[in-house]
Ligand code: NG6
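Before any questions on binding or motion, here is one chain by itself as structure tokens, the form predicted on its own.
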Amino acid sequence: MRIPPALIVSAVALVATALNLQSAEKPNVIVIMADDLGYGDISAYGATSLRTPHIDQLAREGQRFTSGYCSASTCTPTRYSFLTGTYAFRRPNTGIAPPNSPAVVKPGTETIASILGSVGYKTAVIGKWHLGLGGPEGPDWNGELKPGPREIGFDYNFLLPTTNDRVPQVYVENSRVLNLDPKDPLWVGNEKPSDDHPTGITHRDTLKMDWSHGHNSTIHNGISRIGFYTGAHAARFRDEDLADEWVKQSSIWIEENKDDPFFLFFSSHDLHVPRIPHERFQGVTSLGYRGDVIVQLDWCVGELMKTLKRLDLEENTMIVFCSDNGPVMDDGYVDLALENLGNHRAAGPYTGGKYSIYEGGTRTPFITWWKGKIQPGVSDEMVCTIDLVASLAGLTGAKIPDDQCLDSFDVMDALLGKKGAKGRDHLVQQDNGRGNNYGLRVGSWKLQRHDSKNARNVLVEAKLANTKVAQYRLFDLSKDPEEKNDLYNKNKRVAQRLTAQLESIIESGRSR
């Protein structure tokens, strides 16, 4: 009997799929994302004013990347790109999300959680969210906060809903504010709710941490914030307890899901303002609270490692340690970060930091660790948080629809430290989405495109400052890591090639 060719093709395809699934690896994955952590902020990357032994252990036993990046120099666009594998500048108005922002990542968008979930992973995000909640009208704080993480692939979430210098100071577990008393409803708004509502301006003498700019609205726990809120007193948390809560909830969730492959996005709030470490970490460094919360972050990493060891999960868990953007000193509060800086170089050898498209804004610590799988080493290959979606999909056998994850590349071999493996050959960097400023790194060349004609030239030793610059600038990072010597008019061939390449990437709508 003659077998129809179509059946033969189908049979071959099924066999190939089965073999692919058999060869796929499904380690547990924990992405630990710090907040505002600079390239030079930990001892594994050269810091001498403090020690980070647990992060250093990851770096010593795994791959430490010297060209590891996030995709934007502020939190919301980086987190969007990390989850979706698509540059945030492709989605209009993906700047820093306000307190009442609706969900930034819409249902129907494939994310790192939904893609891993499709191959059997349990998924959770614990910590800072800052990607909005709810439909077009924004969050219903007293009802169900949908859409949220669970509508885009996460099985569980325990969140700081915005970022802690913005209101409200409550936890969100899955789709509701935790411990909310219906008799004391939560209201969040942009305007002062009453004339007698205490603010950082009217009650400045009551603050335990003064503000320097902008953070002077509603007061909670002796700290004034951006935005206004009332009610939900039983649901409010204490700033000092955030790190402990993230570790506690993560350890519980890991233990509950240890029998399945799991993906945990551990989204730390350290080092973001207001920097208020737990009392046991206050004063442990010479750098003030900013240095103290780095040590607190390191403690969190150590506690997660202890949980893996206790549950015998070390040899089947891949850890990625990264940051959502580079450093900043005075970011709205008087916490003496600038005054206590001393010889500490938060951005390492690089210029700029948070809000900027200089290297210090997006080049951060980036470490991969997997006991027995990743050999110790230092890699110069270029990798980015935006690549984790495609890389983990490739490792686990998951499929990415062609119209999703438009800028994510599979660089898993580089992440695993395989000999001869290559990272990405180019990377677009963006600012906070307001200035439409971009950076393009290709090899050792770095193109800056300042559509705003302003460079957020944030030398982390100084306060924020805008500097008038030409729209295009070009630098050779191999000779000029501080991006001081503009070669745009001196090397026309490279300048024109990179200018055209950046424009093409932006206009084409995808780079994958």
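Note that residue numbering begins at 1 and tracks the sequence as displayed. The structure presented is a predicted model; accordingly, all values stated were derived computationally and were not measured.
There is also a form predicted together with the ligand; it is not shown, and the following applies to it.
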Residue among 218, 296, 86, 74 with a heavy atom within 4.5 Å of the ligand in the model of the complex: 74
Heavy atom within 4.5 Å of the ligand in the model of the complex: which of 163, 307, 101, 285 fits that? Just give me the one. 163
Counting only non-hydrogen atoms, the one stretch of 170 to 178, 229 to 237, 128 to 136, 363 to 371 within 4.5 angstroms of the ligand in the model of the complex is 128 to 136
Quick one: is residue 272 in contact with the ligand in the model of the complex, heavy atoms, 4.5 Å cut-off? yes
With the cut-off set at 4.5 Å between non-hydrogen atoms, does residue 331 touch the ligand in the model of the complex? yes
Whether residue 483 contacts the ligand in the model of the complex should be assessed with a 4.5 Å heavy atom distance threshold; does it? no
Examine residue 354 and determine whether its closest non-hydrogen atom to the ligand in the model of the complex is within 4.5 angstroms. yes
Should the three residues 27, 113 and 387 be counted as contacting the ligand in the model of the complex, with contact defined as a heavy atom within 4.5 Å for each? no
Just to make sure I understand: among 303 to 317, which residues lie within 4.5 Å of the ligand in the model of the complex, judging by heavy atoms? none
